[in-house]
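First comes one chain, alone, set out as C-alpha cells in the form predicted alone.
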Amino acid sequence: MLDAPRIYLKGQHVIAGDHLFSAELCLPAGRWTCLLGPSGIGKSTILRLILGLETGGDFNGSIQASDDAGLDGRVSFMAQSDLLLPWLSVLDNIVIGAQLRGETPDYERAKSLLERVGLSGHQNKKPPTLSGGMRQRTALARTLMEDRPVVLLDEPFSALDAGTRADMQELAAEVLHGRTVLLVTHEPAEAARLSHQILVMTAKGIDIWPSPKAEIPRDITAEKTLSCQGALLEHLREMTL
C-alpha cells in the first residue's frame, strides 16, 4: 500500500443549472473524516467529485493530493448501492477488481475477509440469494480487499442491524487503519464513534464539528462519545427545521 495522502477539495459545483453549492474541505492523511448533512445537500456529490465521476453538473475548482500525485488507482469506493454482479459468486465479486486489472486474485485474503464479515459459509452463493445486509457486507469486503490508501464510503453500514453494524465499524477501522477515509453518513452515532474529523455540510458550505479526543473506534457508551452524538443530533435536527 502506498502512503495515504492528505486530500484537498475547493470549488463550486452547479447542478442542473440552478443548484449551486460551494465546498472546501481537507481530508487529513491517514485519518477518518465523516461527512454529515441533510439529504440532497451534496454529500454523495463530494465523493463523486473526488472520484472524477459524472455528477450531473459542472465543477469549478481543484482536487489535489498532498503528494501532488494523481488519485487514479489509489482510491477505493463503496457506493450506497452494493453494485454486486449478480452472475458472479460472492467470492468472485470480492476479487473482481484484481480480475478486471488482469492480476492474480488473492483468494486466501478474500476468504479471510469473508470470514471477518461473517459470510464464510456463503462464498459460492450468488448475490440475488442474499439479504440486503449480507450484500452490503459483501460490498464492504470487496472495498477492503482493494487495499487502497484513499477510501470513500457512502453509507456503508446503513443496511445492517445494530450489532452487525458495530462489528463492521470495528472491522473497517482496523483494516483501514492508516488510510485516508471519507465516510458519508446520516448517523451521528457513527460519526462520534469513527471520525477523527467530523464535517457538517450545509447550504452555505462545510463546517467542522468537534470530535471526541480518543482513538477510533470509540466506546459508544463513553461519556464523550455520547455527548458528541447527542449534540450533533440536535444540530442536525435544527438544520432541518
Partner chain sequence: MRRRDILFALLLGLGIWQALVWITGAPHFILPSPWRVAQAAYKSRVIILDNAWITALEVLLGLLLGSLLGVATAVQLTLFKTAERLMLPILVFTQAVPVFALAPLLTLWFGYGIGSKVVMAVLIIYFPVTSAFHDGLSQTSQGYRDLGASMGATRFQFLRYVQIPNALPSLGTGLRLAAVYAPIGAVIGEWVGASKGLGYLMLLANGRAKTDLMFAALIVLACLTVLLHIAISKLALRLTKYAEGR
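Numbering follows the first chain given and starts at 1. Model, not experiment: these values are computed from the prediction.
One more form of this protein exists, namely the form predicted together with its partner chain; it is left out here, but the text below deals with it.
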| property | result |
| --- | --- |
| Heavy atom of each of L51, Q99 and R148 within 4.5 Å of its partner chain in the model of the complex | yes |
| In the model of the complex, the residue from L160, A166, L130, V75 that sits within 4.5 Å of its partner chain by heavy atoms | V75 |
| Touches its partner chain in the model of the complex: L84 (any heavy atom, 4.5 Å) | yes |
| Residue contact check: H122 to its partner chain in the model of the complex, 4.5 Å heavy atom | no |
| 4.5 Å heavy atom contact, K126 to its partner chain in the model of the complex | yes |
| Partner-facing stretch of 28 to 36, 211 to 219, 175 to 183, 43 to 51, counted where any non-hydrogen atom is within 4.5 angstroms of its partner chain in the model of the complex | 43 to 51 |
